[in-house]
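Next up: a single chain in structure tokens, the form predicted alone.
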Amino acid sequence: MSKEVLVTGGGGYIGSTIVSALEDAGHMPIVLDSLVNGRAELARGLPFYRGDIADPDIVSAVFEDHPNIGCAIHCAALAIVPDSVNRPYDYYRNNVAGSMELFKTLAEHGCGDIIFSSSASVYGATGGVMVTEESRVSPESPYARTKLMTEMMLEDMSASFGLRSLALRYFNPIGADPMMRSGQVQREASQIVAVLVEVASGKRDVFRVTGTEWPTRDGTGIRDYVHVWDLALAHARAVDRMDGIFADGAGFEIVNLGTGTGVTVREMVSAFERVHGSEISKVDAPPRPGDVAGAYASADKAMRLLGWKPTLTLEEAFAHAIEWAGIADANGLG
């Protein structure tokens, strides 16, 4: 059944890809984005509202125009770990306080389903092991703490307001929409594949392998890299399955979204070089502020609740990211 779905941060990398997946699934996305990091062009003619998630007036205006919105996917956030160490106030104000106001306004307008973009960074320094939704959380950066705090707040507000809420903990999205409707658009690349593409294209001199003494098989951080299109499909699947997930009424669930396979930074660089066809310039460097050894996901719960598992490969993600980078540069989005 087709639904109207509000997507906050729908002009950003992940949000815009989710918008495309919703469209493909027959839903109508409505985009709200402040454009601090997002781009209005990625809304592609869909209903678009520019504003802050914490502003009840702009959120209310969305519902005045689209009173049938029953589900919101909340992607809007500041999301760069080292930046959060330098600007913690901005991260707590935007990610936590802003989300609190958004959830309240959504509830007031009868939007009973919320899907929250959380992060695997809440697991902290796990030593590169597999984590489940029951694993101990220990966020080690202001960014990660904002995600955990927002999860806790959403759980409490769901109980109070009668919401059905799903927190999806992402494990390192990479790649681009295979149909090239969206991809990485951050003005200053920080995501690993975007940085690799910049080095390969000559926009950046060298790739820095940050952290080489972690307790992993080659000393570099280990991550679970999931193709952003697979991630987007999980959200579309979640929209369709909220009735089944919350058959007993209001509630709160946490679901990991990852591949179940850990890849180290050195392995990541080698795989990129194979797809690119040549080596890139790289150098070992100290860890960045807020960095951790990393982890990879158990995706069992995602399969059980969403009927979802990733299908696209690491190499496909690289190929799509490289193709998108050329399109973004040509259209002034890079």
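The structure displayed is predicted, hence computed values, not measured ones. Residue numbers here begin at 1 and follow the sequence given.
Unshown form predicted in complex with a small molecule; subsequent notes refer to it.
Might Met303 be said to contact the small molecule in the predicted complex, defining contact as any heavy atom within 4.5 Å? Met303 lies outside the contact set for the small molecule.
Please run the contact check for Leu166 against the small molecule in the predicted complex: heavy atoms, 4.5 angstroms, yes or no? Result no; Leu166 lies far from the small molecule in the predicted complex.
Contact with the small molecule in the predicted complex for Leu154, defined as at least one heavy atom pair within 4.5 Å: yes or no? No, Leu154 is distant from the partner.
Hey, in the predicted complex, does Ala176 get a heavy atom within 4.5 angstroms of the small molecule? Residue-level check for Ala176: no, no contact with the small molecule.
Since the partner isn't included here, can you check whether the small molecule sits close to all of Pro139, Arg145 and Gly258 in the predicted complex (heavy atom within 4.5 Å for each)? None of them does, since no heavy atom lies within 4.5 Å of the partner.
The small molecule isn't shown here, but in the predicted complex, which of 21-29, 319-327, 5-13, 306-314 has heavy atoms within 4.5 Å of it? Only one stretch qualifies here: 5-13.
Pick from Gln191, Thr212, Ser135, Ser201: which residue has any heavy atom within 4.5 angstroms of the small molecule in the predicted complex? Answer to the contact question: Gln191.
Ala77, Leu106, Ala234, Val131 - the one with a heavy atom within 4.5 Å of the small molecule in the predicted complex: Looking at Ala77, Leu106, Ala234, Val131 one by one, just Ala77 meets the 4.5 Å heavy-atom criterion.
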